[in-house]
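Provided below as structure tokens are two forms of one protein chain, presented individually as structure 1 and structure 2.
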Structure 1
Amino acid sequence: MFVSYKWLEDYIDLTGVTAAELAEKITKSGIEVEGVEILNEGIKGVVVGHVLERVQHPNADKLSKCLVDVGEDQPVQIICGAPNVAQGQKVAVAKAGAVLPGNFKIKRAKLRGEESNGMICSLTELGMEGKVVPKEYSEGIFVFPADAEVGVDALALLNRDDEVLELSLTPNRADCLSMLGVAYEVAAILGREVKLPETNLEPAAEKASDYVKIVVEAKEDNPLYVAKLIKNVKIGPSPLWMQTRLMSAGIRPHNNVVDITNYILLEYGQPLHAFDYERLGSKEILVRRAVDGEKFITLDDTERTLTSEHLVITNGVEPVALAGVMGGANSEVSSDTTTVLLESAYFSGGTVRKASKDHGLRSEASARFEKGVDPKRVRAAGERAAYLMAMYAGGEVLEGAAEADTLTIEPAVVSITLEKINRVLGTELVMADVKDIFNRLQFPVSIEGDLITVTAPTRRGDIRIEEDLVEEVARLYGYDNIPMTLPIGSSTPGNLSDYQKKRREVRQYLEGAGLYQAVTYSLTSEDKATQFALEQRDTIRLAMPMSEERSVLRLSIMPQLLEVLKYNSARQNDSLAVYETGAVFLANGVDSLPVEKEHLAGAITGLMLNNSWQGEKKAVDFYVVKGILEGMFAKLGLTERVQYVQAQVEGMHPGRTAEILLGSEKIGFVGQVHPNVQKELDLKDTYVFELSLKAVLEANAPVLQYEAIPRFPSITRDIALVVNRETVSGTLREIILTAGAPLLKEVHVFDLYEGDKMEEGKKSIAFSLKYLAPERTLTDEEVTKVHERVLDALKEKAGAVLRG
């Protein structure tokens, strides 16, 4: 709901309260104000000008040379490109030195050789949205009424010297979908009175009931229908102040009659509809349910097919309006309308919602009926609209109204005790405080001892139970004034479990290693669900999937991460590292819920290192990804328990993939995505890992033990071993460590040779061995003895011999 600050002043005294201060007070009282827009912010130097002369530009077919009086000593020459500019018009002129929206500054210039000292403006150039500009001015400049004073501030005449509050209303506060509703709310907040609009009419000689009869068959859908008759109407533009108020609220002006119905919609929150009485074709209004298959052409010239669930207004025979939603083309007000039948009615929200949804006709009117209008304002809104039509359309309002009334809605009466209010809010309010709050809300209240009985006006349909009264007291007393107290009773302070702490450490480590966290869908397609799965199970399909792409619960996170890389690569972000911790779902039988396990997966592609100024580039490879995992396992204290074993995994490169073992249990894999898969996804070399995070985080790490820094030197020996090509370095390393204990402290591979100088089926692997005794300096004899033991073990267990 857009609320004009200046318009609101018509109903309540806002002296001493700025728009920004009012917005804060409304927000603190429970209705969020999303923002305050200053309509003329940054605009200056725009005045009303009088076009004294308009001639064709001598050097341009689409330009006009205008002589314009802007209220100064001499008129100025302005070149204008608007097709509708003409002599005698009153227009908005941005003088030389003026500033328009977007900090657009107006300067003296020459256009096709002719001097221009300003700019004649359209409404969009003054900051108004094109969709709210009257159609006759949508392609050109705006023309003021002839009585506009030359030289005055044009923005003031257009009500742009205003501020608009945007209220974000919850569905229960439909009362604030009107200026009067907001006025009542502000009056309660500020403790001031509400001034109601003028509706006094001169009595007419004829009666409305003599011209039309109202019959309602669907009484539950339409318990109240009121019709006013206004004769001798002259269709024309509505007054400028009304047009500008409608535009500020996001509604496009049309003509005086239609604009008045829209104005009342905003002022009272009561939708109205104006029919051309002469085009109705009868003296009867019949409200009924439509017949299945009945056809009806609405104001937007669209033929609608109706059903028996839709409520229609008819002339006794054919529909002339879809109740609460849109009128018909057969009875709309046009330029030759002279007699108006004005409808003001109370329609059931559910019925209006059904028609609005079925026909895709969501409107300001239907929104208000759906949320609920005040039944007590139905007649008042009609009287106010008739009053304005008499004033601004020259109409003669006939006495009374034709109506059908079976409405039985009564104000809600709710009782509550002062003790309960204080107990719920934790306050110590006295009865006078509570009574004052309900008086400010203009809720009739009676008090008997400790019991407070409140009659909620029908405009506040959200007041139904005791808790509603507690809320009203709380928000107007001020949430900031409610004391803070600690909960009563025993409680356990919150903390992280060991599992949660470790998971947080893993995430922090991976992000520190340069990986971005991704969050992908747990739902995937049938063909992707089983790709890269650590455990092969039956897939779990949704009963009612939104699409085939999101129809099955995933068994692996990897396919989604590869989609993330594909998406980024297609947008030239081809060096990327991502990880995700998330659930996979394993089938557990037909009638059982799936087992949910937490996995960790990562995917890296492109350059690992790119120091352009050093000319250094390094692409990611297997050892980068393996190194990231080794760092993570070291942080968790699991280094000694983790092994990497060459493996074959579907979808992975056959020679660059390893299983990850925790003890003897397989917990995941690491390696390069198969080249065929990379090609399908249009990716460069991509390295990935996925493992059971649950198994990793629940593993017991050995107790951390510290060792003194060695005081004695170590001895290093390098060996090159010739072994069968199928022998893996990890096997050799384990043999070396076992045979060399306890003096052997470190072993690592530093070379691999499989060249033409090697025997067929053989390879050479070189290891560096470090021997150390923490309590003494080792002798060559001691090291040689252990070293020979290592070589013997290698030959015996792996057939490895020293390379000659």
Structure 2
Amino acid sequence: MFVSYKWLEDYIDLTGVTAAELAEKITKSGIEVEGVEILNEGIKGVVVGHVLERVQHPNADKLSKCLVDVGEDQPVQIICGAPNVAQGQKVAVAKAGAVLPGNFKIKRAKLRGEESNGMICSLTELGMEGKVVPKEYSEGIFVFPADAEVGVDALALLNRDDEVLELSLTPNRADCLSMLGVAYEVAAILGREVKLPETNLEPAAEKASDYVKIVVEAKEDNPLYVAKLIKNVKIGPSPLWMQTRLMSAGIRPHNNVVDITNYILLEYGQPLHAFDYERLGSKEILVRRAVDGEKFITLDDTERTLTSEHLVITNGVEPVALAGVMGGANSEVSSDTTTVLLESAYFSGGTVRKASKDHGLRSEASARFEKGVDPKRVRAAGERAAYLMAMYAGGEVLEGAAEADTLTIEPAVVSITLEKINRVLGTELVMADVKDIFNRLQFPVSIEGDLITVTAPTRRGDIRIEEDLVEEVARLYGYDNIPMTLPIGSSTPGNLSDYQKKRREVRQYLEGAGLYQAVTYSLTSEDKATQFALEQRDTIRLAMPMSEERSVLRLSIMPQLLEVLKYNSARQNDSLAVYETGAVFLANGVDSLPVEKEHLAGAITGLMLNNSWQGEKKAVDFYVVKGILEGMFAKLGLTERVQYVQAQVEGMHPGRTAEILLGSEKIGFVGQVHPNVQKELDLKDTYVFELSLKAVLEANAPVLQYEAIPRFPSITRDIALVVNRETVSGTLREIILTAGAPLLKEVHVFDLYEGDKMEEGKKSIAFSLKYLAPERTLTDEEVTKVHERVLDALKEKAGAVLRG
């Protein structure tokens, strides 16, 4: 809502309060003022001039040579390029030395050999927006009414010596979508009176109700319809002050009748519609729901197909307006209109919202109906419009109005105690403070003991419950004046859950291992959504996505992390490690929420180690990434329960990928991205993992218990085994651990040889075995006995023989 400071002064005395101060006060008490525009800022030296003579420029087809009286001793010669300049016009002249918006300085100049002492201005040249300039002046200069006084400040005449406050209104404050509403708000803030506009006219002989009968069928959608009749109207331009006020509020002037309806829209917040009475073709207005499939041409010459959810105004037979949204071409006011039927009605918000949405016709009018107009202003707005039509369109207003009224107005009556106000706000207000605030708001108030009873005016439909009153008191008392305290009463322990703590540890650990945390989008394309998914489910699609790229919920994080690597690789960062923790979404039937599982994914590409001057370089490989995971599981106390099993995962290298098992549950995978995928993404060798973080963090770690540091020495035996190439170390390790229990405490691989010294199809793998008894020193004989058992088992179960 744009609020002209000068216009607001019609309703309230603003003495001693500048526009900027007013903006600050309004903001502080509840309605954000986004900005204050000084309309004539940066403009000077523009006066009203009288074009005494206009002749064709001798050397240029499109220019005119004008002799203009600018109120000085001698008229001046000005060259003008506007097509509509003519002798006898009163125009806005930027004299030599004037400054126009954008610090555009007007100088004496010669144009095609002819002297020019200034410039005749269009409205856009004076800083007005093209979309609000009246159509007849949109391609040329603006022409003042003939009675404009020569030499006076043209900007003052255009009401540009004004400032406009831009209010940003929240949905609850629709009352301030009108100048009167703003006036009440400002009155409450300043503690001043509101002056209401003039509406009184001499009574006419004829009655409106003799001209038209109102019948409303859809009473719920339209509980009040008021029609005023104005005869002998002469269509023409509206007065300049009205046009300029409309323009300042962002509305383009058309003619006096239309401008008056728009003026009332701004002044009262009540949308009106003017019909050409003669063109209605009947003496009846019938308001009803449209019939499904009914056709109607709106005044923008577009044929609309209506449904039974749309409300129409008809002449008893066919629609003449889509209620609250737009009039019909068949009854539009035109230059030969003489009798106007002026509609002022209360339409329900839902009806108007449905129609404006269905037909894409959102307007200043529909927005006000949608948010709810003040039912008590419907008649007053009609009276005021009729009054203005009598004043500025030469009309004769008929007595009374034709009406259909089933509207019951029940103002909200809300009671609250002083104690409650103070208890909610933490203040120590006394009754007089609170009473004064409601008086300033002009809310009728009665007080009985501690109880305050307020009757909310109908213009403030947002006041319904106690808390609304608390808010009114708080904002007008001032939030600055509310003290600062902290909650008292029973205290609560502040902490993270175990899950949240462990998640933080995992993040810290991975970052310590060199991975950067990424955050990517949950929405992705249909294709990517299922790639690398741990569980294949139906995809979950948005009903109305903004793009195909972001239309489906992800089932895995990996595709997005690979995108991150690709993005960075293309920008000279081809060695990079990233991870992400976040939800993936598993469909769970159409009517249920999906199962959201927190996943952890990581991706490492290029070099892990790159120490340029020492010449050490090491590309990431499977064991680097596996090592990172092993470290994480060790930190979480899960080492003993995690297993890696060779596996095939789509999109992954068939020989370098393992499934990760936690106990017997498959929780994820680790491995190299398939070389084809790497090539597609233009990545170096890339190793990745994705797993269910939820499963990992919810797994109970064993209780942490101190284990005695061994007091007796251990005995270590190293063995090099020859086995078939397919035999994996994990199998051998299991055999060794089982056969060596309980004395065997540790076993680890310390060498692997697959070179050409080996027999075809064989490899050598070396283990180091550590034997230990906690309570005594082991003897060689004891160890040898167990060790032999281990070797036997290896031979029997894996065909492993000692390397000779």
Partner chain sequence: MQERLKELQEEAIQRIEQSASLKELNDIRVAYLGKKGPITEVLRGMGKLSAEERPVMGALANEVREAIAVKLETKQKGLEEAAVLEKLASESIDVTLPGRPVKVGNHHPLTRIIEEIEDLFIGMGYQVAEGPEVEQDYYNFEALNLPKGHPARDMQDSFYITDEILMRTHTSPVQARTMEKHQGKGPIKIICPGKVYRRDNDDATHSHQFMQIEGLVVGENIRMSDLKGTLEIFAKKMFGEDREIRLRPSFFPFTEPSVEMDISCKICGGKGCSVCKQTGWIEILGAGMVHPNVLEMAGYDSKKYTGFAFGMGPERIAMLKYGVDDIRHFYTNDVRFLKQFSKHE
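Counting starts at 1 with the first residue of structure 1 and goes up one by one along its sequence. In this text the structure is predicted, and so the values were computed from the model without any measurement. Note that the rigid core is defined as the largest set of C-alphas that superpose within 1.5 Å between two forms.
Q: Name the structure that matches the description of the form predicted in complex with its partner chain.
A: The form predicted in complex with its partner chain is the one given as structure 2; the other form is structure 1.
Q: Would you tell me if residue 35 moves between the two structures by 2 Å or more at its C-alpha, with the rigid core held superposed?
A: Result for residue 35: no, shift under 2 Å.
Q) Taking the rigid core as the reference frame, is the Cα of residue 180 displaced by 2 Å or more between the two structures? A) No: residue 180 shifts by under 2 Å between the two structures.
**Q.** Large Cα shift (2 Å or above) at residue 775 between the two structures, core-fitted
**A.** It does, since the residue 775 C-alpha is displaced 2 Å or more between the two structures after the core fit.
Q) Keeping the rigid core fixed, what distance in angstrom separates the two C-alpha positions of residue 550 between the two structures? A) Residue 550 C-alpha displacement between the two structures, core-aligned: 2.5 Å.
Q.
Please give the CA displacement of residue 604 between the two structures, in Å, after core superposition.
A. Shift of residue 604 at C-alpha, rigid core superposed: 12.6 Å.
Q. In Å, how far apart are the CA positions of residue 677 between the two structures with the rigid core superposed?
A. So the C-alpha of residue 677 has moved 7.6 Å between the two structures.
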